[in-house]
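Shown here is one chain on its own, the form predicted alone, set out as structure tokens.
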Amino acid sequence: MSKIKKYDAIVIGGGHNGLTAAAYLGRAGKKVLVLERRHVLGGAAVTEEIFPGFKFSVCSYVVSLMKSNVMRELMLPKFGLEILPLESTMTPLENDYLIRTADSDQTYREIARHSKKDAENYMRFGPAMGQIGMAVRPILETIAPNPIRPSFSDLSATKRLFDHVKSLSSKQFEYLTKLMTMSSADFLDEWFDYEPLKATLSASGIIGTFMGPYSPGSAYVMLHHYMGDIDGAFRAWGFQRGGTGGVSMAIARSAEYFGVEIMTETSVQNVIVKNGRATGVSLDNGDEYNSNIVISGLDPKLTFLKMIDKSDLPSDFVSAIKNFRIRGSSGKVNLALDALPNFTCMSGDGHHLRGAISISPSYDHLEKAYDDAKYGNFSEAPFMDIILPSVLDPDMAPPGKHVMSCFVQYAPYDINEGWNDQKREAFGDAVINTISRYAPNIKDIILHRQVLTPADLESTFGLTEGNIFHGELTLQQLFSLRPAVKWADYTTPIKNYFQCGSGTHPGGGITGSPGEMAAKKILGAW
């Protein structure tokens, strides 16, 4: 065992939130070390060349929720952040299609082809959701107060939030209450009639969660995905040039600019705790790194049940973390293609391939996919959110070739009899078969495929049960309850041990928010 020089802070995990926390601490003049287990930075926001010439955003694949102040304060555009807008969302149907674009007049006409009433309501729905998103933002950007033993700053934060809620109009308060408690299907039924439109909108309420469109609470997940923006365009989604790993690398370059030291292929075995205080980390190879504080960017299960000996934690806290719901429900299929897919509803190349393609023709399609998962099987006809990164960024594939990213719901972590190679391939086949209903040429143009199950997401990327949000975004796991009551402010029962992953407030997505707010909490108490 060798003793290593001391740091002000050590960050466990080189995911985008860990890197964000490190960058902020480095920006404040602290001596910081980031330790990443894998050979590449980014955690789930990573770009890798899986097959020669073909680059994939292996897990996370789109960007919208990244906070504008994080981009500005860490100078991310200077270090390579460049987000290309996704121009549309197309839902292919058996003999038709639904498409929504950034052009509101075009979107109105497209929806009016199916329902003029829905087209009129959609023009009100977007601004209403935008207003609710803006109303919720102050809550998401506030460090969650301790409701059990509030400090003076907790009381001040609670009063500010209470005053903010009082400032909402009656209509905003009504919508917010409904979104926090209703299912996405029930909420959307109050607005629209056309089934493919409702199903496509509701799909953002099931992404990354073990819920169906009729599950109470799915409306909040839908709202969570509505609160991002790109260059001030609210609710816009985009693709980072070079893949989502480019976001992580921009943050890493910013951190290094501020003096942060980053090491890859360095696996942390546990946090060193002495007299109830974190004093450093021990590596798998036996080396020790000492520091004033330790910050975990891992999910709550790994942060507390793997990195820490349970005897160093209160028993009620251990029980709370064990009960933290982190069920994996999604998989990913990445395809290397010889040509573009040809959708029968909109044949050939076109703007519909420069945006998202949502396999969500009806509530029944989504609910049946969920039914499969409820009973321990992957969905035979899954929901999919598909993009073609190489159409937006040709450098993602060799000339004339393409890559296709398919986020797939549902693939339960606890599948009957467990995941194995045979089930992984059968899951991949179900995905391809579903796509082929709408793009019949898909099977003829696949050169390579990468199929990732929740078990793969766990073993490769360190996501417990393959949960992409580090824990479900359900009402009992939000704000001051994320991941446990009294410990939602990035602190832990162990002094000088902090958390900054997506399992903390305000939750998952490529936001940088947990990392930023954890760093500011630490700096405020330094």
Partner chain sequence: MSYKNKFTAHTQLKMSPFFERTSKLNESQEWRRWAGYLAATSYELTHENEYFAIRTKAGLLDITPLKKYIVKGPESQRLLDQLVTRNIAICKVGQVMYTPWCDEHGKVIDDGTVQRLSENKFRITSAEPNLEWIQSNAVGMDVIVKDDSFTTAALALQGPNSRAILNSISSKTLDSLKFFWMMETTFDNIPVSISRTGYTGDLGYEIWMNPNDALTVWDLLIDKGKPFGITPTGLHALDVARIEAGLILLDVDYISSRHAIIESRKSSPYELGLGWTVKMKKANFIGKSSLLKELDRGSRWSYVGVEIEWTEFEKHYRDVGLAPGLPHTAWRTSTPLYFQNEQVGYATSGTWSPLLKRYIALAHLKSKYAKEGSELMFELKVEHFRKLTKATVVKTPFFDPERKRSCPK
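What you see is a predicted model, and the numbers here were worked out from it, not measured in a lab. Positions refer to the first chain, counted from 1.
A second form of this protein, the form predicted together with its partner chain, is not displayed here; the remarks below concern that form.
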Discussion item. Under a 4.5 Å heavy atom criterion, is residue 127 part of the interface with its partner chain in the predicted complex?
Written reply: yes
Worksheet item: residue 347: heavy atom within 4.5 Å of its partner chain in the predicted complex?
Response: yes
Worksheet item: Would residue 456 sit within 4.5 Å of its partner chain in the predicted complex, counting heavy atoms only?
Response: no
Worksheet item: Is residue 109 close to its partner chain in the predicted complex, meaning a heavy atom pair under 4.5 Å apart or at it?
Response: yes
Discussion item. For its partner chain, considered in the predicted complex: do all three of 427, 437 and 441 come within 4.5 Å of it, counting heavy atoms only?
Written reply: no
Worksheet item: What is the one choice in 264, 121, 450, 270 with a heavy atom within 4.5 Å of its partner chain in the predicted complex?
Response: 121
Response to the item:
its partner chain in the predicted complex has a heavy atom of only one listed residue within 4.5 Å, and of 160, 113, 241, 306 that residue is 113
Worksheet item: Among 127-135, 290-298, 245-253, 331-339, which stretch has residues whose heavy atoms lie within 4.5 Å of its partner chain in the predicted complex?
Response: 127-135
Worksheet item: Since the partner is left out here, which residues of 89-103 would have a heavy atom within 4.5 Å of its partner chain in the predicted complex?
Response: 97, 99, 101, 103
